[in-house]
Ligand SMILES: Cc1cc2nc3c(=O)[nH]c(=O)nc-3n(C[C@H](O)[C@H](O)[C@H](O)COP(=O)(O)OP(=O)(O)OC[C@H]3O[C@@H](n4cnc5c(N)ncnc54)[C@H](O)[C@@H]3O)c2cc1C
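A lone chain, given as structure tokens: the form predicted on its own.
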Amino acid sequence: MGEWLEATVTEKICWNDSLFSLRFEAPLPAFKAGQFVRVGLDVDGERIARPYSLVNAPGETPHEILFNLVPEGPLSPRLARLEAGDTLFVHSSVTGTMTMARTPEHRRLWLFATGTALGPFLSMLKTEEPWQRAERVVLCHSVRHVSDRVYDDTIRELLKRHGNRLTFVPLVTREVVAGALRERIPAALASGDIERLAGIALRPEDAHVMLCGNSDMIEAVQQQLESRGLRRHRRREPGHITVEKYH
């Protein structure tokens, strides 16, 4: 069943007024890239907890989460006020099914994320498994404003390390930004812009697609993919699409 562990904050990153990363030390058990952990604080005698994906790769420390500030929320405003040296709680049961180990064979891996859902994909891409499984990886990350873009240094390092095996497609929907598409992911997929930038086609013969983020994006993209002959991946019925919804 697991237990609550005390964690110590080592660093807080303020990407903007409502977007934060927390790095912390905690004796978490081994986990798989793409999984999430419950993070909590005690508030008025009650432990308030929410699930957050780990941005760090297995074996990489400190642990790290990325989250949006929800002003009326019971937890995120308090997490955003933490500083190095403060404590929080994490549950030892790290879980989640959006992992490379659960994907069927594929040659091309397509990763579509909105907002903070970029985190688990970075955890995956910092491991060897995607690069052992796929010839090409396309990472698409959609945000509203350029100030919402995070982990640019990490992405640049991944591009440098993996060369033309990795394509990064940034999307900024409410601003004109050089090098970024000003479309939502479903529109950019429908227009062909994502495949044009990637230089390859998204097709059922060789693709596996991971969708992580808001429900509207996931549902719209999944409908498009199903119209192309791709289907949801299930344990008893192998397919092409793995999904994890954030809200």
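What you are looking at is a predicted structure, and each value in this text was computed from that prediction instead of being measured. Each residue number is its position in the shown sequence, starting from 1.
Form predicted together with the ligand: not shown, discussed below.
> Run the contact test on 28, 85 and 92 with a 4.5 Å heavy atom cut-off to the ligand in the predicted complex and return yes or no.
Per the other structure, none of 28, 85 and 92 touch the ligand.
> Exactly one of 200, 70, 187, 180 has a non-hydrogen atom within 4.5 Å of the ligand in the predicted complex; which residue is it?
Residue within 4.5 Å of the partner: 70.
> Just one of 203-211, 217-225, 190-198, 46-54 has heavy atoms within 4.5 Å of the ligand in the predicted complex; which?
Stretch 46-54 is the one.
> Tell me, yes or no, whether residue 74 is in contact with the ligand in the predicted complex, where a contact means a heavy atom of each within 4.5 Å.
Yes - in the predicted complex, heavy atoms of residue 74 and the ligand come within 4.5 Å of each other.
> Taking the ligand as it sits in the predicted complex, is residue 123 near enough to touch it, meaning that at least one heavy atom pair lies within 4.5 angstroms?
It does not: once the ligand is placed as it appears in the predicted complex, residue 123 has no heavy atom within 4.5 Å of it.
> Are any of the heavy atoms in residue 103 no more than 4.5 Å from a heavy atom of the ligand in the predicted complex?
So residue 103 does not count as contacting the ligand.
> Is any part of 95-130 within 4.5 angstroms of the ligand in the predicted complex by a non-hydrogen atom, and which residues would that be?
The stretch touches the partner through 116 alone.
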